[in-house]
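What follows is one chain in structure tokens, specifically the form predicted alone.
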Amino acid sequence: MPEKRIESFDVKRLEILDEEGSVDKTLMPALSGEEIKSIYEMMLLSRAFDERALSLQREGRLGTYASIRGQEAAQVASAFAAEKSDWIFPSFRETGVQIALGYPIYMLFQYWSGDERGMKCPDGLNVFPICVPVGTHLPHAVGAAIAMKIRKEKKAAIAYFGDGATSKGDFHEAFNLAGVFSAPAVFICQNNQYAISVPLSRQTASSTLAQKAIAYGFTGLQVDGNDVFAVYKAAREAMEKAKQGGGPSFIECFTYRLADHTTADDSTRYRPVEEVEKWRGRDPVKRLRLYMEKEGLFSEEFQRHLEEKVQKTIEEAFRKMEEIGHPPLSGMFAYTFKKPSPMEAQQMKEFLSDGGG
């Protein structure tokens, strides 16, 4: 029998900035010229980090890395809508979110080099460690949101994940819990249309991911994930709603992963070249630049200055990471238990006597 898809939920996609750099002024969020320039700078910085990380991984100086190329708008614009007091729960593909929030870039290099000290969040930021298991951090975000509600704090828990996570049990448990307890949580899905090699059509029979929120009793919204203004507007309104007691929201950012799933993947095996090139033409960085040109916020001199600044920032961060050096190997025993078990104590003794650091 032919497949039959039910499309009974009317979820419209929010779009403000088109691919030619024009905007719908009736929907445009209140952002100053300087704020727009700041978003653009963060997008360039995120892309520069991404490019450097890919190069370093190929040189064997970083471990497996998940690129964010093509998803900068969804990440930077949503992070720009958050406040320092909000709690952020990232998955493994949120470098742009972390950079936009002010997470030290040298610590991100640390993490991707295999040094777990890179995830020791600095004071003044509320960013949880990167979650590699797909979707397992979503219940944690809801738990934190419920705690904020109990404490009567005007904060939101913001969880990031990909389309593949919507097929996991943790996703549904988190959504159900958030809906029942009206938790001040904002769920942001970067629907880049492939969970490694599995296309969205094999993840769900729903016409959108956003409509999944309806079953759990709260709002689901789909936005153009390559449109910085649509993402910012949706995220800002959802965060304000959460802090005012309006409960959770789910934002599906419809975007595309231009690079491989990670550096351990070869997406040419399962994605048509024509599809990738089509989305390359929808580059979120280029789209914002076109808008800035029309509004007199852009010049070649501004671009050159920004590129020099961004490259200097990335190089300084990488040098700082290298100067820190590797952690002692004995550290693998230090944080397993409050008090080492007899077996662990024996293993540590043998390891150190054999010359382990």
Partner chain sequence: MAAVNMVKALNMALHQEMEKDPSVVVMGEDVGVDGGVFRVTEGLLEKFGAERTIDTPLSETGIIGAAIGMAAYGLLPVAEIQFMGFIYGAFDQIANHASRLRSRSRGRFTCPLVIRTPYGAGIKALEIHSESTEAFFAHIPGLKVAVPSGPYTAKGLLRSAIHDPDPVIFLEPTRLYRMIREEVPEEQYAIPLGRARKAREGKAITLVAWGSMLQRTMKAADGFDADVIDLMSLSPWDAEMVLGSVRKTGRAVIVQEAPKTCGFASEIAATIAEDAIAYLRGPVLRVAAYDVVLPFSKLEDYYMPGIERIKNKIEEAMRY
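We call the rigid core the largest set of C-alpha positions that still match within 1.5 Å between the two forms. Positions refer to the first chain, counted from 1. Bear in mind that the values here come from a model prediction, so they are computed numbers and not experimental data.
The protein also exists as the form predicted in complex with its partner chain; that form is not presented, and the subsequent description refers to it.
- Contact check for Leu27: every heavy atom lies farther than 4.5 Å from its partner chain in the predicted bound form.
- Mapping the unseen interface onto this chain, Lys84 falls outside it, with no heavy atom inside 4.5 Å of its partner chain in the predicted bound form.
- Interface residue remark: Trp112 is counted as part of the site for its partner chain in the predicted bound form, having a heavy atom within 4.5 Å.
- The closest non-hydrogen atom of Val273 lies beyond 4.5 Å of its partner chain in the predicted bound form.
- Interface residue among Arg280, Lys168, His140, Lys286 relative to its partner chain in the predicted bound form, by the heavy atom within 4.5 Å criterion: Lys168.
- Out of the listed residues Ile130, Met239, Leu258, Ile105, Ile130 is the one that sits within 4.5 Å of its partner chain in the predicted bound form by at least one heavy atom.
- Only one segment in the set 68 to 76, 160 to 168, 144 to 152, 227 to 235 has any non-hydrogen atom within 4.5 angstroms of its partner chain in the predicted bound form, and it is 160 to 168.
- Along 317 to 348, residues Met321, His326, Pro327, Pro328, Leu329, Met332, Phe333, Thr336, Met343, Glu344, Gln347 each place a heavy atom within 4.5 Å of its partner chain in the predicted bound form.
- Ser22: CA moves less than 2 Å between the shown form and the other one after rigid-core fitting.
- Once you line up the core between the shown form and the other one, the Cα of Ile324 stays within less than 2 Å of where it was.
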